[in-house]
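Coming up is one lone chain in structure tokens, specifically the form predicted alone.
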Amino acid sequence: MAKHDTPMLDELEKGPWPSFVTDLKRQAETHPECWDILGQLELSYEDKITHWKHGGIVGVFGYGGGIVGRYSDVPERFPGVEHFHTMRVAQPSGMYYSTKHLRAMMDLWDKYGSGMTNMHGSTGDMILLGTKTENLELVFWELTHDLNQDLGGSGSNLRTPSCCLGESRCEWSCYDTQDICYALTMHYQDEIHRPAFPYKFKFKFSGCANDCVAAIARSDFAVIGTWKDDIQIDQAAVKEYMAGNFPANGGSHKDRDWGPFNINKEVLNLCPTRCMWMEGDELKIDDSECTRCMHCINVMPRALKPGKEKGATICIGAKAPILDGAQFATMVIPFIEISKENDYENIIDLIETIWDWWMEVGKNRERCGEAMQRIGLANFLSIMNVEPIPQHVREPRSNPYIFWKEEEVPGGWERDIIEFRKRHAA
């Protein structure tokens, strides 16, 4: 396969930042199909449209998900990418790999594919980019039998659950993210590999509100660690921060002089609910007003840490732009216990309540959050058997009308009004 002239792509190699174009040119020395990747991308830049065909179902025997079909619509010009399928490989919880395993994965992909990878995709999977249809079963066999690793989710199914490092590395994690991620991955193997939903559905597990896997922005079901009781305060350590003896932000800004630490400027005045203040040299917190945003803990990690009564907040319905544009997840369950002892039955019950409703009312290619928007949060909370609370309110009402269900009206004159409306409607 010949090299292609790529003047527009070559511009991306200029400047101080690493370039995928340089990486692909280097890869093309051993995998010539990468020249055709560059050539087709240059053509897409010229024509201002993609040259990957829309559609084309391809997979391995027994699985409906895990492989994203890619076909060029100009194969006569770029035969190396006539078919150039992507394989999603389920990542281990917390993305812990041994170097031995990674080398084995790369050897496998050098053998059967383009050698191009994405570590990691937004779903969480290891992405193996580019192989021919006839190689898919061969890769799958060696991946599962020799490397003991499975394909992830793709299509209208449960995508591969992903999580942060959790308690394995992070002192702020409020539950064992890795354990629940692995447990639900194993529990829902059928839902991962055999698409049966209106569209994709994602779990993501973050151990605290720092949300290192961006669950609140990218997952249909976000489990974000939090605590129910008071923030733990070490008043002696607060004094050390104020005296300048401890670096703020865990010393993460040591390469830049931000000046002396100012607790008012850097902590108290940045609290979203202004629930913190100083009384003399003691830090006070009105925990009933705290939103558990983690800012104060991030700035003064030696002085503050999450409370002892730990669990998670459940947020539902995030997505990237497809139909109605990007949206964050909506907080539905403010606090729920996360316990290994009951095999996460309370979390599974919530998930399957959502699925039962969504699979009945969801339209084709409508994410769970879009269905929630369509039917309204009040109706969704009723389906979930969740009592509305002030934290569910995003903004004040924009119209004066309140509609009551008949069973919500206690009787008396209210009941008379309903009967009057019924008679006149008849």
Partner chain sequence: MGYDPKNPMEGRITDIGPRSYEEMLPPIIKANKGKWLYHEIPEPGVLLHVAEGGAECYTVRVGSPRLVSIEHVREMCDIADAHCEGYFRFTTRNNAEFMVDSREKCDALIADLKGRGNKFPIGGTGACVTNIVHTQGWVHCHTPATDASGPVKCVMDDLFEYFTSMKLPAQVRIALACCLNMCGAVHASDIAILGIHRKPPMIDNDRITGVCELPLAIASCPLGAVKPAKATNSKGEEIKSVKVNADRCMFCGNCYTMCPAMPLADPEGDGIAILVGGKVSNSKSAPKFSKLIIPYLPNTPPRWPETTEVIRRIVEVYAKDARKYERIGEWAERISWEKFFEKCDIPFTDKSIDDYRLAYDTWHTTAQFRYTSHTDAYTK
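Residue numbers count along the first chain shown, from 1. For the two forms, the rigid core is made up of the largest set of C-alpha atoms that agree within 1.5 Å on superposition. Quick caveat: nothing in here was measured; it's all calculated off a predicted structure.
The same protein also exists as the form predicted in complex with its partner chain; that form is not shown, yet it is the one meant from here on.
So which stretch, 345-353, 226-234, 275-283, 139-147, is the one near its partner chain in the predicted complex (non-hydrogen atoms, 4.5 Å)?
Answer to the contact question: 139-147.
Although the partner isn't part of this model, could you tell me whether Asn364 comes within 4.5 Å of its partner chain in the predicted complex, counting any heavy atom of the residue?
The answer is yes: Asn364 has a heavy atom within 4.5 Å of its partner chain.
Whether Arg397 contacts its partner chain in the predicted complex should be assessed with a 4.5 Å heavy atom distance threshold; does it?
Contact check for Arg397: no, nothing within 4.5 Å of its partner chain in the predicted complex.
Is there a heavy atom of Gly311 lying 4.5 Å or less from a heavy atom of its partner chain in the predicted complex?
Output for Gly311 is no: heavy atoms all beyond 4.5 Å of its partner chain.
Would you check, heavy atoms only and a 4.5 Å threshold, whether Gly115 touches its partner chain in the predicted complex?
Yes - in the predicted complex, heavy atoms of Gly115 and its partner chain come within 4.5 Å of each other.
What residues, if any, in 215-239 have a non-hydrogen atom within 4.5 angstroms of its partner chain in the predicted complex?
Going through 215-239 in order - heavy atoms within 4.5 Å of its partner chain in the predicted complex - the hits are Ile216, Ala217, Arg218.
Kindly check if the Cα atom of Arg26 is displaced 2 angstroms or more between this form and the one not shown relative to the superposed rigid core.
Superposed on the core, Arg26 moves its C-alpha 2 Å or more between this form and the one not shown.
Do you see a C-alpha shift of 2 Å or more at Ile336 between this form and the one not shown, with the core held fixed?
False for Ile336: its C-alpha shift is below 2 Å.
Any chance the CA of Glu370 moves 2 angstroms or more between this form and the one not shown, core superposed?
No.
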